[in-house]
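Presented below, as structure tokens, is a lone chain in the form predicted on its own.
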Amino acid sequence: MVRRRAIVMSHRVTGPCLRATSLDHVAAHEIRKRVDEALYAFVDDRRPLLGAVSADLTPLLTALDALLSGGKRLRPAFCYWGWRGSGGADLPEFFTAAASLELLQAGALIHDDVMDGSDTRRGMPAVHRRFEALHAESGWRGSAEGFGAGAAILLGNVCLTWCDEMYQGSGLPDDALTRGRPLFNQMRTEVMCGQYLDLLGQARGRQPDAHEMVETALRVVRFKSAKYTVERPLQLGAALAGSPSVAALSAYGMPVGIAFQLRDDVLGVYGDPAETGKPAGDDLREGKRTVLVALTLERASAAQAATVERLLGDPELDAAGVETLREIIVTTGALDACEEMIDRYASEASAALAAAPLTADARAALSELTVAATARTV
């Protein structure tokens, strides 16, 4: 069995800041601990399987270990409060089912980094860069870049396979798993569709209708992030517990999920690399067509728009170029507009939460998660 250090929620994390709050810090720590234990136990149980195939597969598990050691465990947390808020007990089998969402997240992140050409993830080399370096250091034949991308795609596929295996083999009763299965399947399909829409948006570039650009970017947010970060995990937990009011949770889950991603978009441009785990302005180098960028182009003058289009997506974009884009985003009013959208979606989520068919302790915990996931940090 591989020993790992338990990783607790801290003040410095990747992505939107999740500060410890007054409500239930011990409970939040315990949720993460239980999720980590289930996740690591599952991966450890499969080491002999890969080892029996070949010792050459060891780097795959090393890369996966590194990736899984980070992250905020947001999806299992929302799933937990959907479960507890619908009357579920703290069963080990539930934490196994919830932890399977981290393997879905890992697979999506690995593939996303390949598509974006990202160098880092959670403050470490992205998986495809790890294998690219392995190829170069080993002096192997062919393209190191191609090998890195291929290995990462395969590891992402392993994560997606294991995600389903972990959910189905969690030990929860068959009727519970059957109730959750449609949401579990839908969530996995939706995130892949969102990934494609994101890829398509970057390929298409600027659209003639500026307002349509914002709506297109929001559609990506809904399917690539909001649904599988908050809405579906929350609903999955409720479905597993047998709640008759699963659909009603969308009124809270969707707006808070959108607000969360919009905050992440802001941090991708203005965030501290020590907290985001990525170089400053990396989203700009990758050419991400975020809502923040769409709002900028919607408000930009012809000269400003031309500068954005020239610099956005340049992998060699230097600090001066990043600063130029940051200034345009601010001067066009796009940053303020994005902050207003975050506040509006967070308020909508809070209002919906007050009427959500959940227990009082779940509503209180989710209220603090909403604040933590959308709070300003720049």
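Everything numeric here is computed off the predicted structure, so don't read it as measured data. From 1 onward, residues are counted along the sequence shown.
Another form exists, predicted in complex with a further copy of the same chain; not displayed. Remarks below refer to it.
Using a 4.5 Å heavy atom cut-off, which residue among 289, 121, 128, 73 comes into contact with a further copy of the same chain in the model of the complex? Selected residue: 289.
In the model of the complex, the one of 273, 150, 92, 87 near a further copy of the same chain [non-hydrogen atom within 4.5 angstroms]: Selected option: 150.
Quick one: which of 304 to 312, 94 to 102, 265 to 273, 252 to 260 gets within 4.5 Å of a further copy of the same chain in the model of the complex, going by heavy atoms? So the stretch in question is 304 to 312.
Given that a further copy of the same chain is not shown alongside this chain, does residue 299 nevertheless sit within 4.5 Å of it in the model of the complex, heavy atom to heavy atom? No.
Residue 183: heavy atom within 4.5 Å of a further copy of the same chain in the model of the complex? So residue 183 does not count as contacting a further copy of the same chain.
Would residue 60 count as a contact of a further copy of the same chain in the model of the complex, using a 4.5 angstroms cut-off between non-hydrogen atoms? Yes, contact at 4.5 Å.
Evaluate residue 158 for contact with a further copy of the same chain in the model of the complex, applying a 4.5 angstroms cut-off between non-hydrogen atoms, and reply yes or no. Taking the distances in the model of the complex, the answer for residue 158 is yes, it comes within 4.5 Å of a further copy of the same chain.
Since the partner is left out here, which residues of 210 to 248 would have a heavy atom within 4.5 Å of a further copy of the same chain in the model of the complex? If the 4.5 Å heavy-atom criterion is applied to a further copy of the same chain in the model of the complex, 210 to 248 yields 219, 223.
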